[in-house]
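Structure 1 and structure 2 below are two forms of the same protein chain, each written out on its own as structure tokens.
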Structure 1
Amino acid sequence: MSSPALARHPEDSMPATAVAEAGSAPAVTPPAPPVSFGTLALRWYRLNRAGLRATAIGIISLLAFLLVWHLLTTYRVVFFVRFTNVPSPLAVYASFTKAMHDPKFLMHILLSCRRIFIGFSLAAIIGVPLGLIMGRFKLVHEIIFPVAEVLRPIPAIAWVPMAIMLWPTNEQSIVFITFLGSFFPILVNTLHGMSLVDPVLVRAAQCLGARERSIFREVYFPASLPHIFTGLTVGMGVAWVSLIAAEMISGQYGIGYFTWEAYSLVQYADIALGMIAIGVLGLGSSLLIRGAGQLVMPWRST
């Protein structure tokens, strides 16, 4: 015999409030209002305030430099330095618009960039591993370092006659001089980075059973990367200096030869154009190295 209490459903034994809560639909959260464009712009400005400030100051400084240059050349100022024959910014701009339609000027730039790429790449490929090995193994350091220190102070211009005798073509000799200009800064900075590696990290890796290859890959190389990229940046600047010197003396093409030829032909606006082109190309190549450093070392930007 069944009792009426046993025949009731479970919902009947629940309190009224619980039944009401269980039977009610879940509360729907109203959608958040869309963020306005002004709010997004304000957030972006706050995140990039420092970069925008640096950019604005840089633009103002460049405009001020152009204004001073224009005034000095317009009024032919002579005050210790003579600006009587210096071309004005407008004359240089006119020369630039003319050169952009000249395939020969573009060929000068492309050849200089190719020489820089080959010479600098060879210097980085040889200088970085050699610096790591010299920093790790004392015997290798004792053998190579004295020779490097004797050759390092020799300027690039002094290497021009020797490079012409060593290499069969002017192109190879110019690339060789560019290589020498960037090799020694890369080597010295890599050595400096290796000397600053914390020996505690090396002993810790050895205690954990790491072999020599793993220690190089996991300890020495990451710890030396900031100094390696410093050497690459400095080496790129010295490479451009060496390249321009070599092109002025022994080259037949290149932005350095273009600048020297403009001086020989008394084309003052082209001289300034060549100098500005060298500065812009050097700045662009250095920015590429710094960008690569930020990609390889993301912890440095935090």
Structure 2
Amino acid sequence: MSSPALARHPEDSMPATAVAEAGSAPAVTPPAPPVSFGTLALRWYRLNRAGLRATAIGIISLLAFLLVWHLLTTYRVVFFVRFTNVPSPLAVYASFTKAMHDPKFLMHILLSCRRIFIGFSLAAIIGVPLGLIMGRFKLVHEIIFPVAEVLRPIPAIAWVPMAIMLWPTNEQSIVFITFLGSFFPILVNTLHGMSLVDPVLVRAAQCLGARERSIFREVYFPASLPHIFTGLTVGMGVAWVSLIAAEMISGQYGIGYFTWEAYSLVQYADIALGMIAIGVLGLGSSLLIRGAGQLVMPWRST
């Protein structure tokens, strides 16, 4: 409740100071802008030096990856691993430009994102509270844990026939498979986080007269948050991993389906394009979760 109010405060005061400045010193300010631009840029650079360095190295490493890929495929290198028929980056780029002119490709991506979003959100909404409850109450843990452990190792593709039969529409079947993919990592990591909560903290809260609900809110939840976010990141990755299996059902749309159809027509460049698209989308969604993690856990942000 208090933080939004705090955040609004500077916003409200801003226009007032701006007006005051504009009215009082119109003659003094002109020499300032050129200086401030340079210093501002310098200051920004100093502040973000570490970030810039990481970005630069990241870009160089990606370019190096592309270059190595390009060389391996143009010279069709065979050294135990065979690059004879692996599509080159240029071939994949040609596929990419073709796909960009095709409105269907965007549709594939949008639909996949929607499926991942719904499946993942459901997994988080169910998985996190369930993990917290299982971590707190032994009986619930004893009931649910064996079932979860049996279901957890089943790969997404094996779920395809069952998912078709379980759900009335195919869209639901697909969301169900992405849900399963992300659910177990989230649950297991939340449980793990709960098991690592320092009992001293719990006892201290109890000594201070905290009730069960307060202990949950003030001790258990914040203490296991880092692990919950690890679970969410892993879960998001696995959700994308399950995508091809899930979208085999759709038969029409989705980036997983796009890749699958390219396979059934043996179009290697399109297969690579689908793989890269899934990779990039997966990276984007993981970044979103990390960003959310930093917002929720400001004490951990570096």
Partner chain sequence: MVRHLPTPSIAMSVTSLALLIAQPASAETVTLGIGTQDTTTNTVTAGVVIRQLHLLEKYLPKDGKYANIKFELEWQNFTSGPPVTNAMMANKLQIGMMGDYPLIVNGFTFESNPESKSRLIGVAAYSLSGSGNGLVVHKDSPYYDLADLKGKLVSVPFGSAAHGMVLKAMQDRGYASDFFQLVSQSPEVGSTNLQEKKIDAHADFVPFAELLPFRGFARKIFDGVETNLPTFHGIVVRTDFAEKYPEVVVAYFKAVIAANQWLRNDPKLAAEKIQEWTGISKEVVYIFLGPSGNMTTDPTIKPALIDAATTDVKVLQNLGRMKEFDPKKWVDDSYIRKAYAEMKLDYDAQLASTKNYEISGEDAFCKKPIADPRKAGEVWVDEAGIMPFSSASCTLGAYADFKSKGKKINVAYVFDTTRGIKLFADQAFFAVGNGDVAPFLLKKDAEAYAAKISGKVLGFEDAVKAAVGGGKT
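Please note that residue numbering is based on structure 1, beginning with 1 at the start of its sequence. Take the two forms, find the largest set of C-alpha atoms that superpose within 1.5 Å, and that set is the rigid core. These numbers come from a predicted model, not from an experiment.
Shown first, as structure 1, is the form predicted alone. Core-superposed comparison between the two structures: the CA of I276 stays below a 2 Å shift. With the core held fixed, the Cα of T230 is displaced between the two structures by less than 2 Å.
Annotation: Cα of V241 displaced by less than 2 Å between the two structures, core superposition.
Core-based alignment between the two structures gives a C-alpha movement of 5.9 Å at S250. Here N170 exhibits a Cα shift of 2.5 Å between the two structures, evaluated on the superposed rigid core.
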